[in-house]
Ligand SMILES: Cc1cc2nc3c(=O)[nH]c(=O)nc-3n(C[C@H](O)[C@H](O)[C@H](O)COP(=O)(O)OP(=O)(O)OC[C@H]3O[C@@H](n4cnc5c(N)ncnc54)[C@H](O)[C@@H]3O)c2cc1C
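The chain that follows stands alone, in the form predicted alone, written as structure tokens.
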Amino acid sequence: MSHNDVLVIGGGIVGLATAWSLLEQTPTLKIVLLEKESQVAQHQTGHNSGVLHSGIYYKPGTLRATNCRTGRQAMVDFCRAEEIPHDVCGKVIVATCESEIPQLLKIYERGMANGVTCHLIDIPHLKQLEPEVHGVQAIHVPDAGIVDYKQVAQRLAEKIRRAGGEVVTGAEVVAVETRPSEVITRTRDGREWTSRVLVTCGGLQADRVGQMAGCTPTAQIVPFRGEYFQLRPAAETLCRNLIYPVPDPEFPFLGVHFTRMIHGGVECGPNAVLAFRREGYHKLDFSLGDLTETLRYSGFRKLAWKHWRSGATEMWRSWSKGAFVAALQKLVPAIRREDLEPAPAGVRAQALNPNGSLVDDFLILEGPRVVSIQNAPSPAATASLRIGQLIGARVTPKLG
């Protein structure tokens, strides 16, 4: 049995940032991080689009809004110090027709309320930034950027180990027992780990791991797969940096967009379709247990009923390359079907309330010896170093 001060479950970027933050604050702590896969950052961290978000979209006063700006700067500073490739290249959010301007202005006002550097720009200015984009008005967000979060996560794991912590891979947690003075965590290989405090950062399994640790979930994770194409090299000049549409206020996702990648290439997407398995990165990935759990959940049924038209459009776009191309052409009319080739997909862990509403903020539950992250949607990767500090501040009092 391994005896520790803090045990962290989950080797995504939030779990790693939490372990690193605790060691930075108190180097004498004995900290172990358990990751079920053979390497860290194998799920949401390693499958996202690599965007450094600015914080323009989030409701003022929420944890997402208050942590994104400081977290973005902390991430940029970390990448500079560690010589990790990144680029604060900026992005544009584009209204493609007059009817989208009121929503564009609401996004601009929200950005201003959040202290985000952003500017309303006219068509000539937009064409200077992105010559191939079609639009009637846009917002320029110069602080947005790109980075490889998987590389950031791997560097955090290295720093944890060098500081005396442990990062244990291939350690899937199967049981947790909370006692008055300690928490006992068991992994599938039969090992037991005791800790004074347990932190769960389960990502796509967040509600299940949290419940295992004694934190009754207030929402359930529903997996949505985001599918991408990438531009063929000859078409990469159609996008200079990041190009986003005005999101549909009635649909809880940002819509397909263009993202220049830090290691080269341009991704186009994602759509948002229900995944039939929590870690289902391919269309045919299927888990009867995961799908049954989703379909039985009242929150998902209510969400599906409310957004069935948009959901059907997303499903059609999943199977029809022509429909995907048509959505991209609203932003960049010069895009052609032959310009696109398939790219790897990601799966978003979206927490849904029983009433069908999305949990629109970071959600953290606590017990006497447990801190459980139940929902960490975008911009969690951008803000991960700041979130790690936030979680660390909740752990420290439990250590006495």
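Values in this document were obtained by computation on a predicted structure and should not be read as measured data. Each residue number is its position in the shown sequence, starting from 1.
Beyond what is shown, the protein has a form predicted together with the named molecule; the following relates to that form.
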**Q.** Contacting member of G135, G111, G71, P270, with respect to the named molecule in the model of the complex [4.5 Å, heavy atom]
**A.** P270
(Q) Within 4.5 Å, heavy atoms only, which of Y228, F300, F78, F276 is in contact with the named molecule in the model of the complex? (A) Y228
Q. Among 79 to 87, 115 to 123, 197 to 205, 286 to 294, which stretch has residues with heavy atoms no more than 4.5 Å from the named molecule in the model of the complex?
A. 197 to 205
Q | Any non-hydrogen atom of D248 within 4.5 angstroms of the named molecule in the model of the complex | A | no
(Q) Although the partner isn't part of this model, could you tell me whether A65 comes within 4.5 Å of the named molecule in the model of the complex, counting any heavy atom of the residue? (A) no
Q.
With a cut-off of 4.5 Å between heavy atoms, is Q389 one of the residues that contacts the named molecule in the model of the complex?
A. no
Q.
Taking the named molecule as it sits in the model of the complex, is L34 in contact with it (heavy atom to heavy atom, 4.5 Å or less)?
A. yes
**Q.** Residues of stretch 354 to 393 in contact with the named molecule in the model of the complex (4.5 Å, non-hydrogen atom)
**A.** A376, P377, S378, P379, A380, A381, T382
